[in-house]
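Take a look at this one chain, the form predicted alone, written out in structure tokens.
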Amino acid sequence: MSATKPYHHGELRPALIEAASAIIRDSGIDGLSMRRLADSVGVSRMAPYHHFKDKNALLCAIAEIGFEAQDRMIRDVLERSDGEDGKALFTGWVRTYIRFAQDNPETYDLMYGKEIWKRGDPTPSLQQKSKASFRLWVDLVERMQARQVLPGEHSALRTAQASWAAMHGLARLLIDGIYAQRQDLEEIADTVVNLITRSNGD
């Protein structure tokens, strides 16, 4: 076992999350254990349990960070939505969402995959974070409907669900390697936008 390394209380938790994310990238979720994580960080094998009850809680914490990153992206669009071209903003968001999924496939899988939501036990904190993140998406859709970027025939909730399903489907195809050409990403994303936004005859 590695010699233990002194960490201040506030420093160990982010170090554990960073190390766990690296292990998942290299070896997958099955390759992550609390013992391997402790050895990787250089702390006692009990130290991670001071911050995470078990592996499931650690995976949920990583997923939360992913939702926080997506929330920052949506808020950035919301802050600019009144002063810029609506369709351009929406297109930028779709591109950013899909790029985030492709650049962070392991985190994306934890955010939306069955490892936590079906096989695991989502923590109350993660459930709250994921619901709040989707509410932000509904808010953005509502603003896009008000500006006639997205069709208004259906409620903001239903339109948010349908448009998110389209983005998530494309993200999954990219992560799974069905569309492996990164240079095509923006063109595919723009096609998604054109399919789900209101046609203005252009």
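From a predicted model like this one, the values you see are computed outputs, not experimental measurements. Definition used throughout: the rigid core is the maximal C-alpha set that superposes within 1.5 Å between two forms. Start at 1 with the first residue shown and count on from there.
Unshown form predicted in complex with another copy of the chain; subsequent notes refer to it.
The candidate spot formed by Asp109, Trp117 and Arg172 is fully in contact with another copy of the chain in the model of the complex: every one of the three has a heavy atom within 4.5 Å. Not displayed here, another copy of the chain is approached by His154 to within 4.5 Å at the level of heavy atoms in the model of the complex. Proximity of Gln161 to another copy of the chain in the model of the complex: non-hydrogen atoms within 4.5 Å are present.
At the 4.5 Å threshold, heavy atoms of Ala166 reach another copy of the chain in the model of the complex. Using a 4.5 Å cutoff between non-hydrogen atoms, Asp26 does not count as a contact of another copy of the chain in the model of the complex. Once both forms are fitted on their rigid core, the CA atom of Asp30 lies 2 Å or more apart between the shown form and the other one.
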